[in-house]
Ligand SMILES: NC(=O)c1ccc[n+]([C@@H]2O[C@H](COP(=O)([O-])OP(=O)(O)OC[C@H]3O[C@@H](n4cnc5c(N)ncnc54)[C@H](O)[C@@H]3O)[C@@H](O)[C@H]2O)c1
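Next comes just one chain, in structure tokens: the form predicted alone.
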């Protein structure tokens, strides 16, 4: 119950889903938790729920990120753990687009099971706009870089710290119809390994978590296709948020003091090579 006692932890995108679950478990393990979110009201509500504090900022905006970390340093004087969790799936705010993508997936799967030919194509990449591509990389990859850079300005003088980057099985295995998301997550995994080598001389550890298919609002657009995903998963189900939260607790704790540059992937066996 005290694995993170006394640690100051900032979790980006922490107002819901995986970020909120991580914040809750961190708080239970003794950490002082700062919840970041783009929505200040959502951030404050989540912080109140778990007994932490909140800071609103768009992680894709380097100036906003710098201001947020200045506030962390001013309020707490140190930072022990950064969880780069903020992310988007690109269609969460577009129900029509989400339904179209889901219907294409189902139709394609039905055609494949029936022996083909495949007449339904996802075509997500050819239909993506410049803004779609840039926004995905900005939130995931730029955000991870901006936040890590500012965190190191606090952690370097401490000669200690821990950074956890949220990757995905999509960053290793790939996924049809999500090229920008997969590219961003693959970039995060490469960034994790490089940064881990760079800052190890200051006793700062950097690791990634690569979740599989987790049942959150982030994947709610999948609806009935979740049954297909569960059927493809050796454990026969999607993960729950605590499957990721406890992985984060481990990596942030002294139990993982000899772990850096690694990717821990709770995914029920869906992908077995990180």
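Because the structure is predicted, anything quoted here is derived from the model rather than measured. Numbering follows the first chain given and starts at 1.
Omitted here: the form predicted together with the ligand. The next part is about that form.
Only one listed stretch (116-124, 88-96, 193-201, 102-110) carries heavy atoms within 4.5 Å of the ligand in the model of the complex, and that stretch is 88-96. Although the partner is absent from this view, residue 38 contacts the ligand in the model of the complex, with a non-hydrogen atom inside 4.5 angstroms. At a distance threshold of 4.5 angstroms between non-hydrogen atoms, residue 173 is out of contact with the ligand in the model of the complex.
Although the partner is absent here, residue 135 is a contact residue: one of its heavy atoms lies within 4.5 angstroms of the ligand in the model of the complex.
The closest non-hydrogen atom of residue 189 lies beyond 4.5 Å of the ligand in the model of the complex.
In this stretch, 170-184, the one residue having a heavy atom within 4.5 Å of the ligand in the model of the complex is 181; the partner itself is omitted from this view.
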